[in-house]
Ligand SMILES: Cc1cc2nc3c(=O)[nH]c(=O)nc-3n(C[C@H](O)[C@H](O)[C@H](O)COP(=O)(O)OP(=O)(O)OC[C@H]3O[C@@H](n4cnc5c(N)ncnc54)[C@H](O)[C@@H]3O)c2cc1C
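A single chain comes next, written as structure tokens; it is the form predicted alone.
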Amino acid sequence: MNFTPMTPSHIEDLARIVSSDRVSTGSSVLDLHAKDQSQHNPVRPEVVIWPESRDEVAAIVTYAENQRIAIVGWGSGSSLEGNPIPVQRGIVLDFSHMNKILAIKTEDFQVDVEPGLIYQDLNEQLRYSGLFFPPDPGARATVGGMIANNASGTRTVHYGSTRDYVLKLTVVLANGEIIEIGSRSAKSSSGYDLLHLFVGSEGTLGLVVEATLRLVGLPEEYAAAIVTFPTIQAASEAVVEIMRSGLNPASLELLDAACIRLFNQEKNLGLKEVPTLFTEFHGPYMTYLVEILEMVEEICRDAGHLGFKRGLGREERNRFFEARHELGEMVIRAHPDCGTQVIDVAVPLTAYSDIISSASLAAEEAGIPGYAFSHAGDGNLHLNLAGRKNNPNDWKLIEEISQELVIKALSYGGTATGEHGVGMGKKGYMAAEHGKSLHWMKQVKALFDPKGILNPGKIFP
């Protein structure tokens, strides 16, 4: 598609829609909105705008469609597949000024929010009401970005992904029309499920300007344990048995020996540098959680564990999982002369042991520093690879490893992206994963965005 290059006249028109101090063509601003945390090449937008209301968003999008200018929504830029990179330049809408909690409906277990709200900030405010928003992708992601990518995280095995907590959305369509989809009801059988069509659409069908989210009660008690194993296979066996037992873990994170080595270097955890399972459980009473951990320890013992280190209570749990959440930064610090790429696939549990073993082996055989970690309870694997900057051979090997793991995941009936979205990085696998249904996805895109102005260059090959 051909898009209109922006001129000073376009910028002046946009500055009349919002105040001029919220429109920028400054080099540093454009650079900050040219790339996310992935290794995809940056592309500068032509202008960045900070809207403060749904009506401003609608007016800007209407103008963009009339002028055939590409437009991309921006949360915090924490995505990992090039999802918000403005590959056709044009307009970036930075939603950081639309970051309010509009209403907390405690009795309904609901909250109304704007899309630029950081989810950790949301939970900080909600804790006073005894409620929280469970999806936990780790980075300081915005709610709008989480909805666009259907973000998940460490607690997905128990609580589900962002999709499970979106009740209602207000969306600006490509023609500037504002629609409301979904309802405040806990369930509905009314009409097509447009609500979940927009969740995970990466801003290619419309821009979310308000969301009603479902909340759950904060757990009374927490318990966690770190379990070490001689092999990935032994740890995987324990994962399957824990899931089969009905013990309902809140988190099941399996990390390879390379990850544990980093933890010991930076956090002095004193762990054996072997495959390690991080587990977390929530419950109403500590005595209940003590019994749960006893059963988990028995399962892990039967699988041949090397050690079982339990931590009871919120502080111990936080100490255990602090290291897990900081893993990405640890890899960067450990390889200062490298860029990093995180591969994200998911498979059925029966294939989980093979895919995580294959990931570690592929990195080792290629001579590329690799760190395999996973949301084991739902079969979601990440492989963080460190390639030397300006070394084409390293990045060729990384691309080969990525392709090998994605093809293997698809062969098991899995997916090319468990939680990072398609963006630019995974669109080449969409045909292999979706077959003929990809044609109908394109039809949906054409229906909602006939001029293709919304986040062009994403999802579709």
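What you see is a predicted model; the values in this text were computed from it and never measured. So that there is no doubt, residue numbering starts at 1 and follows the sequence shown.
The form predicted in complex with the named molecule exists for this protein as well; it is not shown, and the discussion that follows is about that form.
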(message) What I'd like checked is whether Gly75, Ser79 and Ser152 together line the named molecule in the predicted bound form, meaning each has a non-hydrogen atom within 4.5 Å of it.
(response) yes
(message) Counting any heavy atom within 4.5 Å as contact, can you tell me which stretch out of 289-297, 204-212, 103-111, 302-310 lines the named molecule in the predicted bound form?
(response) 204-212
(request) Counting non-hydrogen atoms within 4.5 angstroms of the named molecule in the predicted bound form, say which of Asn66, Ser53, Gln37, Gln403 makes the cut. (result) Gln37
(message) If the cut-off is 4.5 angstroms on heavy atoms, which of these, Ala224, Val345, Ala148, Leu277, is the one near the named molecule in the predicted bound form?
(response) Ala148
(request) With heavy atoms only and a cut-off of 4.5 Å, decide whether Arg89 touches the named molecule in the predicted bound form. (result) no
(request) Answer with yes or no whether His282 is in contact with the named molecule in the predicted bound form, where contact means some heavy atom within 4.5 Å. (result) no
(message) Arg317 versus the named molecule, in the predicted bound form: is there a non-hydrogen atom within 4.5 Å?
(response) no
(message) Whether Pro115 contacts the named molecule in the predicted bound form should be assessed with a 4.5 Å heavy atom distance threshold; does it?
(response) yes
(request) Heavy atoms within 4.5 Å of the named molecule in the predicted bound form is the criterion; list the residues of 236-251 that meet it. (result) none
